[in-house]
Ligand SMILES: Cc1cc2nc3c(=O)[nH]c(=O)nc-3n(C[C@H](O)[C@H](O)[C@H](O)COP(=O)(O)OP(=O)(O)OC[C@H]3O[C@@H](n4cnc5c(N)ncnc54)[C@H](O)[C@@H]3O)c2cc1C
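There is one chain below, alone, in structure tokens, taken in the form predicted alone.
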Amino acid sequence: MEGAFDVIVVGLGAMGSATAYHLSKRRTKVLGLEAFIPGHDKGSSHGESRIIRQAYFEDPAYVPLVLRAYELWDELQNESNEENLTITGGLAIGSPQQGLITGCLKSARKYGLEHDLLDAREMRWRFPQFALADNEVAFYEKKAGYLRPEECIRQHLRCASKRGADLRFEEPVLSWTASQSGDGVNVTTEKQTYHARSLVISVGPWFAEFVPTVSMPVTVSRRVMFWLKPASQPSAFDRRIFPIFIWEPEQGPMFYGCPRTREDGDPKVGIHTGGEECTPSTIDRVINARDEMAIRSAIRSRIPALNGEVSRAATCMYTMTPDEHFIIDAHPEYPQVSLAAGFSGHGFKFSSVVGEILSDLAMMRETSSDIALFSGSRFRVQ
């Protein structure tokens, strides 16, 4: 039958490209459908760098997954012979009583992750770029770093295509239906209707549009990434000496940053918490004075040498669940349909392992990875 596949993957961003890759490794007949061009900047997986870290303050349950993600990023890097992960070391900065520091310590102690806890005096000696308050500390892990999101997606797509995955771009999905018997789906685009045994839906901020009747709530919000020219000592922000960081001030929003990813580039910073609710069709892509004021307020006294001219800025969208944990689960009515959503803000680093998990679910309806935390059933009224 023309248009028949084992698995159809809708959305070829971070999670979808990794899913297509893992399915192709299993010699599965897979079709990938994407509304935009490869590695586009319309969603959540662009911007040169995404933080990867092991001591997960959000919940220790993430640690085994992120350790597996590191292994898979290395495998992809070896296969593609292209760099996708850079280790810089990483800092989590804040009050020792707040969630960022206590959460990092909890995960590190549970899984025996190597780390240092630095006070303000030690930070002035080891990382003079940062100006901590006397009551702040920094949790340091040397295996943290950043991924190149666009390159990671391209690598997953290239390797999947080489193994025979049928990847189609600028072909938006109009609708999908699933058999009540639990085996079989139809996916319709402007070009034709495709049939498969299983369906994976990983569409980022478009999730609610694709599954409007499912009780798995997500909120989409606007975020802005800034690249700043250091006001002094630009070499102090080189990736060889400047670590990735996340900072949770006692007053003000949590913010993060990455070093220069190339010699002629600039460090990147952004506000992690807050944000204006939006949809993919209503997001304001124009950078305004309020956006710049927010990031300058965050870094002015804390990373003073970085408070220079804006070299560029870009918007992206966070798609988050109410508890900020992911959704990785089967559709409640159709076991042959796997759903993946709510990754924004901290999900990209997991895309290599999420692709492996979604491949398991599509092919076997189960996975050996512990994904209980991400069950969609947690949102249903008991």
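Every value quoted in this text rests on a predicted model; they were computed, and no experiment measured them. Heads up: residue numbers just count along the shown sequence, starting at 1.
Another form exists, predicted together with this ligand; not displayed. Remarks below refer to it.
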Which of 222-230, 76-84, 191-199, 135-143 lines the interface with this ligand in the predicted bound form (heavy atom within 4.5 Å): 222-230
The unique member of 313, 353, 51, 320 whose heavy atoms fall within 4.5 Å of this ligand in the predicted bound form: 51
Selected contact from 113, 295, 173, 167, since only one has a non-hydrogen atom within 4.5 angstroms of this ligand in the predicted bound form: 173
15, 36 and 347 all contacting this ligand in the predicted bound form, non-hydrogen atom within 4.5 Å: yes
Contact flag, residue 68 vs this ligand in the predicted bound form, heavy atom cut 4.5 Å: no
4.5 Å heavy atom contact, residue 338 and this ligand in the predicted bound form: no
Close approach of residue 203 to this ligand in the predicted bound form, 4.5 Å, heavy atom: yes
Interface membership of residue 40, this ligand in the predicted bound form, 4.5 Å heavy atom rule: yes
